[in-house]
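We begin with a single chain expressed as structure tokens, specifically the form predicted on its own.
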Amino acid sequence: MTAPALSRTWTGRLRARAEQALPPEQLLPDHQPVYVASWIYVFGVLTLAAFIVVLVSGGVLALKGPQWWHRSSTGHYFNSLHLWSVELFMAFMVIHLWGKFFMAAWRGRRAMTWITGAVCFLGSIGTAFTGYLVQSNLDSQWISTQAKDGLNSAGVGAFFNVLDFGQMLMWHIVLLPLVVGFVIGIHILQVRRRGVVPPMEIDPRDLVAQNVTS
């Protein structure tokens, strides 16, 4: 009795489209194909786990401003935790990217999955770059002065001034993490929607026919 009424509202239509695109059994699956046990499929989850550590450690660093980690042992710890989680995040992401490239992960109508992953990689490079610029040490000064001329020659210096510490700090702790996090969310939903890409030698139709899952 309530279904026709819901279909006449935008919330009902939106819910129906969401349930059609991402049924609960796909959004939160309780089993995966057996080939997901291969080590190459681990790096996507490792990238996500490292990203969570990056956000948590960066949030702690932001609690007391951009200078305290130079004078506090606790700040040194979280600064190191943030740095190494970023290093692992980028390393895991590169391995994940190349692994999926050689698996042609855009197969099976997964082009948007591949595109969002590539955009996330590019956004992460920008986020890491602004992170180097807000270290408040000689390294950050040298990096900013070296990057200044290149960015000015590209015509973006007026909008992205690497010598402006406040602007770079806001890009690093607000804008770019929001963009990267949003794209990661879309990427995960695309993986849930289309499923994990199978190895090149496996025909997905055979998996469906044989119901080969673990």
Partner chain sequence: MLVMGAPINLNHPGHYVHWGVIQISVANLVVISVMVVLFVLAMLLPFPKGRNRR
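Just so it is clear, the model here is predicted, and its values are computed rather than measured. Positions refer to the first chain, counted from 1.
Keep in mind that the form predicted together with its partner chain is not shown, yet the notes after this line are about it.
Exercise for the section: Using heavy atoms and a 4.5 Å cut-off, decide whether His31, Val42 and Ser73 all contact its partner chain in the predicted bound form. Expected result: All of them do, each having a heavy atom within 4.5 Å of the partner.
Exercise for the section: Identify, from the list Val174, Ala62, Ala37, Leu55, the residue with a heavy atom within 4.5 Å of its partner chain in the predicted bound form. Expected result: The option sitting close enough to the partner is Ala37.
Practice task
Flag Gly99 as yes or no: does it have a non-hydrogen atom within 4.5 angstroms of any non-hydrogen atom of its partner chain in the predicted bound form?
Solution key: Heavy-atom contact with its partner chain at 4.5 Å: present for Gly99.
Exercise for the section: Could you confirm whether Ile95 comes within 4.5 Å of its partner chain in the predicted bound form, counting heavy atoms only? Expected result: It does: once its partner chain is placed as it appears in the predicted bound form, Ile95 has a heavy atom within 4.5 Å of it.
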